[in-house]
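Take a look at this single chain, the form predicted on its own, given in structure tokens.
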């Protein structure tokens, strides 16, 4: 079986982090994001993967590399979820797995495929259960999983289920016939409702396991915390204990991954954080529940909590950063205090 990963978007919800780094390869615990999806597919013996890209495609290819199992196809104009799948048609020859390029999960793909085949479905939408359904588009199904209705961000009085589209599908080749070539076209707004209206067999499979959409800074940070605190164990092999950073006396870290090329100053404390290559962290620094990209310099006595810090930032001494997102090359002066507004 082949898979298509839809990774053509500009990652606008993750800006400023994605101004220079395309979302498919933003680091998750120092590993390019799409490596998690590719390793999951590899675990379930997916033969080939077609990666549909559009924004800074050369950077994505330079990070993920080339192989006869990974094909790149570029969207010259935005094609939407279904349009990107149609754009990959020349590579496809049968039942296909389709993934949105911003979901992190550990679904059992074999069970999903068997469910799809057992129901002779033309399309199977993988569903996940959420605690607050009002923020999502819901998918209603019968007891045996047949989709009956889509509800787009319903009011509290209209909520009938807690199952949402997880951005993972199993599709038969006939679905391609419904999608116009070269046009911006959506699975969610066009293809799936049209299949439902025509009476075709569209099923929803409620997948147990971990799932998160990493497309916003909050969810991006939460994905790190889930991995660092072992709430999610991915298929990717993470180098937890293979290397140690350079720690000065009194420095310590817990539930964190720090590249061995980093230097950590005296009495600095790091909790539930990911710190990428080449960072220099001063004395008595506290970093808590944060993500630090490569080449960052942090001055003495600074506190960073709940933040994401882009590449090559310079943060001065005695600064306080809380729930702040810094794009690449940002300079924070000594004694500054930055906190993201809750509005």
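Numbering follows the first chain given and starts at 1. Bear in mind the structure is a predicted one, so any value in this text is a computation, not a measurement.
As for the form predicted in complex with a small molecule, it is not shown, yet the points below apply to it.
Comparing 227-235, 137-145, 74-82, 110-118 against the small molecule in the predicted complex, the single stretch with non-hydrogen atoms within 4.5 angstroms of it is 74-82. Proximity of residue 13 to the small molecule in the predicted complex: non-hydrogen atoms within 4.5 Å are present. For the chain shown alone, residue 204 is not a contact residue for the small molecule in the predicted complex, no non-hydrogen atom being within 4.5 angstroms.
Taking non-hydrogen atoms only, residue 100 approaches the small molecule to within 4.5 angstroms in the predicted complex. Using a 4.5 angstroms threshold between heavy atoms, residue 274 stays clear of the small molecule in the predicted complex.
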